[in-house]
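One chain comes next, on its own, written as structure tokens: the form predicted on its own.
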Amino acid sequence: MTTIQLKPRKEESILRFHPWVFSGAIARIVLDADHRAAEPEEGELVRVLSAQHQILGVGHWQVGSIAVRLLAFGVDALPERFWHERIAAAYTMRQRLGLLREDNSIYRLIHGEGDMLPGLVVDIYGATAVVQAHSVGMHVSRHDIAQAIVEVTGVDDVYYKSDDTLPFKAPVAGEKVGYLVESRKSKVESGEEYWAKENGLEVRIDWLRGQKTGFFIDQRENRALVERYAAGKDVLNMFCYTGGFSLYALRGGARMVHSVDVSQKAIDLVNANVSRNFPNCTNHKAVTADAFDYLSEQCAQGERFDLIILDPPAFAKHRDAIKNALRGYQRINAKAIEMIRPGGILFTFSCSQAVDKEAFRLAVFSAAAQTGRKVRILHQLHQPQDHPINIYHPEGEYLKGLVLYVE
């Protein structure tokens, strides 16, 4: 195993259990065999030492500013059953949180650094696990990970979907998409609809062609909050994707729900989900349209709503895009606040990790000030318990939301 030795005093964050080693902290790289300089292969396990030769841990080597993602601290090799033990610990936490129920078969099993497995995401949909690797190291270990998932959870299938998540220029060998464990593959690929439950609502999951792993699990608790506020209201769900917020609003007794997304495939899934849960539903309308254009047109026509949900895709995927992202958040929130009836409620979100809570809140404040309306914050929202934030890695907090009351 290659050894990474750090510069003096660069071990302090690791001793506080932060899982990243930055390239600028590295003094030298040696191979134990002959101590000559060596560059590890991307995805290789490496041992990390302090400048004083203290063993700090073991992790995956990668090219970039984050050079090592640590998997274990204070050891110079991973335990024999490492994957099984870490996945079992994550599974036990979900059990204790009450997420594994007859009426809820959708949950996130592994949330990267939050579950001390940096670079790995695993979502469970009933009898299927969908795995995404965000690092080459996790890609290299994908078969061991899949086997451990089956052993711990008892799922039938493990589907691997990392074509959009692996580092763009990384030298990746082997499949990026496909079944690692398959028992239902022929059924799903032949077009059979696959359904799973979230809090008693049935949702069609398409991990083959859908976004991310097939569903946005991170809004589960926030969708439930929409249900509490929806009774008797006209609801607008922007960037609706498969219509999660719309389903909860309908179950909550909304008078009318409008679901809007730019993707016709998403709208087809919304309609399928509504039909499945609310047969013969007459108070739901799905629209394929650009969000900004739709809001502008509806506002100009005098359309108004009692409850609006803004859950856009990440406006800023890196720090260079933050300014434009904040302008986008301000613009779309101002338009939504204009369209809310007096006494209405706005649920507004940002899933851009590069945009922090304070910046997002300032953008929404600016939007409210632009409209001149009186606005109060009712709730400050975040990601749910199966998307945990490692206390030693606060960067893992990415989902931000505000619930606003508009006079």
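Remember, predicted model here, so these are calculated numbers, not experimental data. From 1 onward, residues are counted along the sequence shown.
This protein has a second form, the form predicted in complex with S-adenosyl-L-homocysteine, left out of what is shown; the following refers to that one.
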In the predicted bound form, which of the stretches 161 to 169, 289 to 297, 174 to 182, 78 to 86 has residues with heavy atoms within 4.5 Å of S-adenosyl-L-homocysteine?
289 to 297
Residue-level question: is P312 within 4.5 Å of S-adenosyl-L-homocysteine in the predicted bound form, judged on heavy atoms?
yes
Using a 4.5 angstroms cut-off on non-hydrogen atoms, would Q211 count as touching S-adenosyl-L-homocysteine in the predicted bound form?
yes
Tell me, yes or no, whether D157 is in contact with S-adenosyl-L-homocysteine in the predicted bound form, where a contact means a heavy atom of each within 4.5 Å.
no
Please tell me whether any heavy atom belonging to Y329 falls inside 4.5 Å of a heavy atom of S-adenosyl-L-homocysteine, as the geometry stands in the predicted bound form.
no
Scan Y194, Y229, F216, F278 and let me know which has any heavy atom within 4.5 Å of S-adenosyl-L-homocysteine in the predicted bound form.
F216
Pick from N271, S263, N283, T153: which residue has any heavy atom within 4.5 angstroms of S-adenosyl-L-homocysteine in the predicted bound form?
S263
Heavy atoms within 4.5 Å of S-adenosyl-L-homocysteine in the predicted bound form is the criterion; list the residues of 122 to 153 that meet it.
none
